[in-house]
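Shown next as structure tokens: one chain only, the form predicted alone.
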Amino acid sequence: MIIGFIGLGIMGRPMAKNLISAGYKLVVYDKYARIDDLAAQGAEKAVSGRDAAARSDVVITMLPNSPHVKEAILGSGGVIEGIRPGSTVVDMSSIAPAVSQEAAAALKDKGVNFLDAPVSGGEPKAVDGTLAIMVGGDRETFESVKPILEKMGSSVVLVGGVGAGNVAKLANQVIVALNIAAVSEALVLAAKAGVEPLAVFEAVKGGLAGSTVMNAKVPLILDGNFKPGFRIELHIKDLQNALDTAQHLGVPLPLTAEVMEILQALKVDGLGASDHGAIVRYYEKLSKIELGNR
């Protein structure tokens, strides 16, 4: 089986490397990023999305947002112009569910299967191959590519039909953003009260307040380490997709809207490229206190 991989940025590159390490033959393409390191590991270079698709049985896309996915799959020189009937496209980008459904419908007319399969875990889990992968599409197509997905993730779950994967990812991003904000509020409160934030973290992490988000982010927050695992500007993109989807469905998301404003304020302060753990900086600024080592 030959896999075309389009989108080789912070997430896509290590995901592609894990597939190469697992023994898959890859044809790779990125409009902007260099791919020499992947070619050195045995991947073949493509000159366009159309070229990558024409040479592949399965095409994986891993791109920043909805417009990039539409361009790569449905645009001029895109996947839809080269892919063969019976092939499968797996879009692993985090985008609006409606765009997944639009791409799926267009590809279905050409006899091509489609799954939306966004991921959670950020760059560290992309490198380790332990991403959580949320999949939307029909079960037969899912089962046919599940072994490929399992080389990139430790959890691969079919959520529902096309678009359901991205709905699950939007839910994930809402939970993560609100969790980081809650942790930030709590730790700034503790520090302002004269209680060591690390001690509070150690005291509560084993109880009901404990979470994977808290365990991952608090050590970095207290160390002043906001090197991006997942950038604020990308979380803004995901929450905007969540809010747009919610508006279309008539679902109020008041807490999500509040955190969105916090992220936007941080972006204005020049922190858009920082890790989303920098949400704590918003609360620090308001309370005139800093946590940990800066």
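This structure is a prediction, so every number in the text was calculated from the model and none was measured. Position 1 is the first residue in the sequence shown; the rest follow in order.
There is another form of the same protein, the form predicted together with nicotinamide-adenine-dinucleotide; it is not shown, and what comes next is about it.
Visitor: Please name which of the stretches 263 to 271, 244 to 252, 25 to 33, 52 to 60 has residues with heavy atoms lying within 4.5 Å of nicotinamide-adenine-dinucleotide in the predicted bound form.
Guide: Going by heavy atoms within 4.5 Å, the stretch is 25 to 33.
Visitor: What is the one choice in Ala72, Val218, Ile83, Val135 with a heavy atom within 4.5 Å of nicotinamide-adenine-dinucleotide in the predicted bound form?
Guide: Selected residue: Ala72.
Visitor: Identify, from the list Ala104, Val119, Ala168, Ala96, the residue with a heavy atom within 4.5 Å of nicotinamide-adenine-dinucleotide in the predicted bound form.
Guide: Of Ala104, Val119, Ala168, Ala96, the residue with a heavy atom within 4.5 Å of nicotinamide-adenine-dinucleotide in the predicted bound form is Val119.
Visitor: I have Lys17, Leu149 and Gly153 flagged as a candidate spot, so tell me whether each of them has a non-hydrogen atom within 4.5 Å of nicotinamide-adenine-dinucleotide in the predicted bound form.
Guide: Spot residues vs nicotinamide-adenine-dinucleotide: no contact at all.
Visitor: So, Gly277 and nicotinamide-adenine-dinucleotide: in the predicted bound form, are they within 4.5 Å at any heavy atom pair?
Guide: No.
Visitor: I'd like to know if Ile236 sits close to nicotinamide-adenine-dinucleotide in the predicted bound form, meaning any non-hydrogen atom pair within 4.5 angstroms.
Guide: Contact with nicotinamide-adenine-dinucleotide, no.
Visitor: Although the partner isn't part of this model, could you tell me whether Gly4 comes within 4.5 Å of nicotinamide-adenine-dinucleotide in the predicted bound form, counting any heavy atom of the residue?
Guide: Residue-level check for Gly4: no, no contact with nicotinamide-adenine-dinucleotide.
Visitor: Within a 4.5 Å heavy atom cut-off, is Leu291 in contact with nicotinamide-adenine-dinucleotide in the predicted bound form?
Guide: Result no; Leu291 lies far from nicotinamide-adenine-dinucleotide in the predicted bound form.
Visitor: For a quick check, can you give me the residues of 5 to 23 that have a heavy atom within 4.5 Å of nicotinamide-adenine-dinucleotide in the predicted bound form?
Guide: Sequence-ordered list: Ile6, Gly7, Leu8, Gly9, Ile10, Met11, Gly12.
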